[in-house]
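Next up is one chain by itself, shown in structure tokens, the form predicted on its own.
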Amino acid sequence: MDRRRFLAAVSATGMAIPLELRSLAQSSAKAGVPSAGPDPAPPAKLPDPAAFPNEDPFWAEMRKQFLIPSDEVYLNNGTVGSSPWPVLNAVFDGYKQTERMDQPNPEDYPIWGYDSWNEFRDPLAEFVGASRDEIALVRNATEANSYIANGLEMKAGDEVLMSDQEHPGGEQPWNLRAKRYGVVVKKFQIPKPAKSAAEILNRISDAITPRTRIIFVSHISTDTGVVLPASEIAQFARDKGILSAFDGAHVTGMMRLNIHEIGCDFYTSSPHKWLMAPKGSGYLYIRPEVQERVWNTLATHGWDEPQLKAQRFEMFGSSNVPNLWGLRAAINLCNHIGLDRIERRHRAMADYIHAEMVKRGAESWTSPDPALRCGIATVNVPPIKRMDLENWLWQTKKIRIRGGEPSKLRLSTPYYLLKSDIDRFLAAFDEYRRMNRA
């Protein structure tokens, strides 16, 4: 209900309303804040992929699993995805079961942060090509990156090498370490666009020094969506006795991932983006051979028990266990659809929106190499100011995008997006450009 009806209902029962809440409700009502519509009902069942050989009808059915209003076009999975009904229902079921406080073991509680959570780690490990003892369930890639940056033994003057396209959640933990302990953050530049894997590897090689201790890069850049050659970088690092770590926040659920095949020492991710998992469900992968080289920087029971392996990094006290129910459901949903089918869809939609923007004169920052791109198309559109465009699209067309200053557009294409949705964005972009030229 909206705030006016809430105030009336509570007043009718004689309940006292805190002054702050009454003030907030009254000011919001005066401002004309709309009430949410009726809760949408979930579809009766998931569509059967085998029953839909044609792509658009299948994805149109999948679109009904999301609470995003039907008149909204969402092009920003690069920031956060929308959890669909199967994931939400799993979270709701998790709360309904755990909050009964009737666990068989009287020492078991729904906030327990000291369990192995193998019922959640096992399907995740299988999904990302790892094993249970290499995976810690944390809240997001930022937290996982901080464990790496703060936990490795490094001395003042030791170097971490990263790209110039890192997310703050990957870069800032190292900047903190640099400011506090004198570790050196060194960067190499990724071309816009990157034309080949060799071009990226050469720039990494040129930036290596005898003081380089770890290469920390995004598997998929948050800035341009370029897919870095992860296995080649990991092998290059190993050959030189350097650790390798990948921020895979965009990878899980967007494209095929096998961490063992990459061969890296660390891998982190936030499945709330492309896997559409609940917000606050991330993971940290640590190769067994380097697990004892990483100190816990958040300590509670188990921090000094190396036999727990990666599990000791997920023991941080009270936790949101129903979120893990949602993570497991997101994995099951992805497996139901088929990750190969999802990846093909991501590539097809990103290629389409990218080609159409280039036709309109946009400067491409998306790699021409198909191996170095997937579900994100990035273009530069000067003299358009991206925030002016972003606000106009949302306020007048209910289209959500994101980019960077001054004129970069990062267009994410989640699998349920239809070609007609992209055409709607393109028509709106054309209208905005004509309007501003006039």
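Given the structure is predicted, the values throughout are model-derived calculations rather than measurements. We number the residues from 1 along the sequence you see.
Form predicted together with a small molecule: not shown, discussed below.
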- How about S367: is it within 4.5 Å of the small molecule in the model of the complex, going by heavy atoms? no
- Item | is_contact(N140, the small molecule) in the model of the complex, heavy atom dist at most 4.5 Å | yes
- Message: Check S218 for me: does it contact the small molecule in the model of the complex (non-hydrogen atoms, 4.5 angstroms)?
- Response: yes
- Task: Although the small molecule is absent from this view, report whether G78 comes within 4.5 Å of it in the model of the complex, heavy atoms only.
- Result: yes
- Which of H354, H167, R177, R287 has a heavy atom within 4.5 Å of the small molecule in the model of the complex? H167
- Item | Partner-contacting position among Q311, N150, T222, S319 - heavy atom within 4.5 Å of the small molecule in the model of the complex | T222
- In contact with the small molecule in the model of the complex (heavy atoms, 4.5 Å), from 319-327, 264-272, 287-295, 207-215, is stretch 264-272
